[in-house]
Ligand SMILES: O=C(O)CCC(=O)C(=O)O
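Here's a solo chain for you in C-alpha cells, the form predicted on its own.
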Amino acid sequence: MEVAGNRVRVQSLVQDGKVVVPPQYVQPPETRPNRSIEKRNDNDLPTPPFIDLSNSDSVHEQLEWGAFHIINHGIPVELLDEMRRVGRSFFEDCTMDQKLSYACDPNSPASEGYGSRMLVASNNTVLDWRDYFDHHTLPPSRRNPSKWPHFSSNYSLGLPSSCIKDAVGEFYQNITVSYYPPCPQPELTLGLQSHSDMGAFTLLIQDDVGGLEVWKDGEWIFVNPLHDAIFVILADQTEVITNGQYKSAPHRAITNAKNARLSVSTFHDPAKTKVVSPAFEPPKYCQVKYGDYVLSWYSKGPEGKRNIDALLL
C-alpha cells in the first residue's frame, strides 16, 4: 500500500548514497535475519525438494514441504531469462520519472503498478527493503488456453487430481516483479517480511543473487537459486482445501549489501466471490469467501501465518 503523497522508493535511497538504513526499514530484533546472504545455506540443513514433471510418482511426499522446485516443466528457459531481463531493465534502465508514471494508486492496497508498500497494514508498520511492479493479468477464460502437465488421476490424499482446480474455480492471476536494491545494513532489514501467500499457489523465479528463505521445522531455509527451475509455493487456500494436509509455506526475503536482486512471482488466486472450504470431514478450517480473506490480510498485515490460523476450528 502506498502512503498518500509519498513517492519515495527504496532504489532512490540507495542512489542517494544512504549508508544507514532509515528507521522505518529497521526490523525489530526478533524478526531480523540470523545469517547473511553470503553464508547461504548451512550444509546440515535440508533444502526444498525437487519435483520432476516428467516423472510425478513421488509428488505427494514432496508437496508436504509446502514449497519445492519443479524441473522439466516445459517452459523455455529463454522465456524465463527474458522475463528476468525485462524486469531488471524496468528498474535499472528507466528514469525515476518514467517509473513513477506507472505508480500504484496511493489509496488502494495491492493496486497495479510501481510501488514499495504492498504488504503494509498501517503507516506504523516496518517497511520492506523492496520496490516492485505488479501487473494483474486476466482470468484464463479470457486468454489463450495454457498447456498444463497431466498427472495420474488420484494423489494419495484420495482426491481427484482436479480437486484444487475445481475448489478454486476460475483462477485469477497477477505477476509481481520484485527488485531488492543493495542494503547498507542487511542485518537490520528484510526485503520481504515473513508471510504465507493468501491465494492458491505461487510460481516464482529468481536471479542468481538469491535471498528467498522458507520456514521449515523451526528454521529459515535458504532457497538456492536454480536458473532453469520454477519454485512453487503453496498458499493459504490450498491449505484450507486440503484441510491442512498440505500446508502453505511461510517465506521471506533477506537483503545483501553488494548486489541488487530480482524475483518474479506469479500468483494464482480464486475469484473474490468464491467461497473456499475444506474437502474433508470433519473440517479443521472455517469456510471463507476469498474476498473477505484478502481484506483481512491487508487490514491486519501478513505476520507469518496468523491470517489462516484465524480460520482454524
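The first residue of the sequence shown is number 1, and the count goes up from there. Since the model is a prediction, treat every value here as computed from it, not as a measurement.
The form predicted together with this ligand exists for this protein as well; it is not shown, and the discussion that follows is about that form.
With this ligand omitted here, the record of contacts in the predicted bound form names 255 to 263 of 23 to 31, 66 to 74, 47 to 55, 255 to 263, defined by a heavy atom within 4.5 Å. If you check this ligand in the predicted bound form, you find no heavy atom from any of 295, 300 and 311 within 4.5 Å. Residue 241 falls outside the set of residues with a heavy atom inside 4.5 Å of this ligand in the predicted bound form.
Using a 4.5 Å cutoff between non-hydrogen atoms, residue 114 does not count as a contact of this ligand in the predicted bound form. In the predicted bound form, this ligand stays beyond 4.5 Å of every heavy atom belonging to residue 246. Among heavy atoms of residue 167, none comes within 4.5 Å of this ligand in the predicted bound form. With the partner removed from view, the residue among 84, 195, 216, 99 that has a non-hydrogen atom within 4.5 Å of this ligand in the predicted bound form turns out to be 195.
Just one of 183, 200, 212, 190 comes within 4.5 Å of this ligand in the predicted bound form, counting any heavy atom, and that one is 212. Counting a residue when any of its non-hydrogen atoms is within 4.5 Å of this ligand in the predicted bound form, the one hit in 267 to 297 is 267.
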